[in-house]
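To begin, one chain is listed below as structure tokens, in the form predicted on its own.
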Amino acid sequence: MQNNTRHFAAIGVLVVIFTFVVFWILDAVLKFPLAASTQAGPIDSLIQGHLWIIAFLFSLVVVIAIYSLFLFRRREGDTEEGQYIHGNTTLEILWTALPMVVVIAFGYWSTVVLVDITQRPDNEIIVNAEGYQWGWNFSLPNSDAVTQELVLPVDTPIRMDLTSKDVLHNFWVPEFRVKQDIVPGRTTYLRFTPTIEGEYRLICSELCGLNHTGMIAPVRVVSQDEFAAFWNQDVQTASSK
């Protein structure tokens, strides 16, 4: 019994150490893009939570396997049968109940995040985006002006009304984190609030044909005044030419 307790304690300590090491490696390798929307924070936290679970489960399996390989391997000259263990009801209950609790907890957390990032604010601005093989058109409601550059106001809730001219596409600006499929024959919606002025790239993340990787559009997040000037003057002038 004392030997078993000692082994469990050693494995527990090693699992904790390896969990932190594996998480550190994952966090160093899987660098997130700049978080440039209010939705990015909750999504990044959810991803970090999944990385901790991944690191723990990986460490749990690997540590037990390596520990057993070295500590319980057959010694030279040892011809006796190993100890027969029929089962352990407590252990079986734990390894069934604990994963279930973790899955339910992550399901609840994910639902809370989804509700938070998709809720409808009162002062949102609607921008239309049309995807086609292999480019993008952007416009404002009740306007004939169209541009291939997406310009958005900073710190303002945005609702993208997404349509497709041909096949399935997907609207994704990595720095905003959120993404949405664009389905032919219907309008889908995506909400986000840009928080950092700058230049970004909109990419299609749904395989849509030969030049799928070239389906990129520039995105600029600007001040409210520059946003108004762009859509009221620049786009109108360009469309009239």
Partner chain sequence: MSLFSLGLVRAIVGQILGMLTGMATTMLIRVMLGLPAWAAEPSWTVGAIFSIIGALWAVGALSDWAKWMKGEETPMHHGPPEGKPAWTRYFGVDYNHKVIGVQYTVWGIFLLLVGGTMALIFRTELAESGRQFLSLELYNNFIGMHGFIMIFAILLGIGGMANYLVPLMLGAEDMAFPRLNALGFWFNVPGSLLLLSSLFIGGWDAGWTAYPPLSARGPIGYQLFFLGVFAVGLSSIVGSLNLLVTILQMRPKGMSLFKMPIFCWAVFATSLIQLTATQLIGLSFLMVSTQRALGMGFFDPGLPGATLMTGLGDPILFQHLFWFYSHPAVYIFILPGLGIISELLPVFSRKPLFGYKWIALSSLAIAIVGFLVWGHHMFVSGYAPVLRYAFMYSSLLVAVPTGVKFFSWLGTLWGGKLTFETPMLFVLGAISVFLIGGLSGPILGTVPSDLPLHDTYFVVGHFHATMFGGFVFPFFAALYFWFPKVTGRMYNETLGKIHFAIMTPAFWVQTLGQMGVGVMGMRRRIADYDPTLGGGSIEAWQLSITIAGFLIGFGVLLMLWNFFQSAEVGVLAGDNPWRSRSPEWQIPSPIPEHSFASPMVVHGEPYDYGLPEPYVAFAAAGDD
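Remember, predicted model here, so these are calculated numbers, not experimental data. Residue numbers count along the first chain shown, from 1.
One more form of this protein, predicted in complex with its partner chain, exists but is not displayed; see below.
Though the partner is left out of this view, residue 181 does reach within 4.5 Å of its partner chain in the predicted complex, counting heavy atoms only. The shortest heavy atom separation between residue 155 and its partner chain in the predicted complex exceeds 4.5 Å. With a 4.5 Å cutoff on heavy atoms, residue 41 does not count as touching its partner chain in the predicted complex; it lies far away. The closest non-hydrogen atom of residue 167 lies within 4.5 Å of its partner chain in the predicted complex. Each of 57, 88 and 205 comes within 4.5 Å of its partner chain in the predicted complex, counting any heavy atom. Contacts with its partner chain in the predicted complex, taken as any heavy atom within 4.5 Å, map within 15 to 33 to 29, 30, 31, 32, 33.
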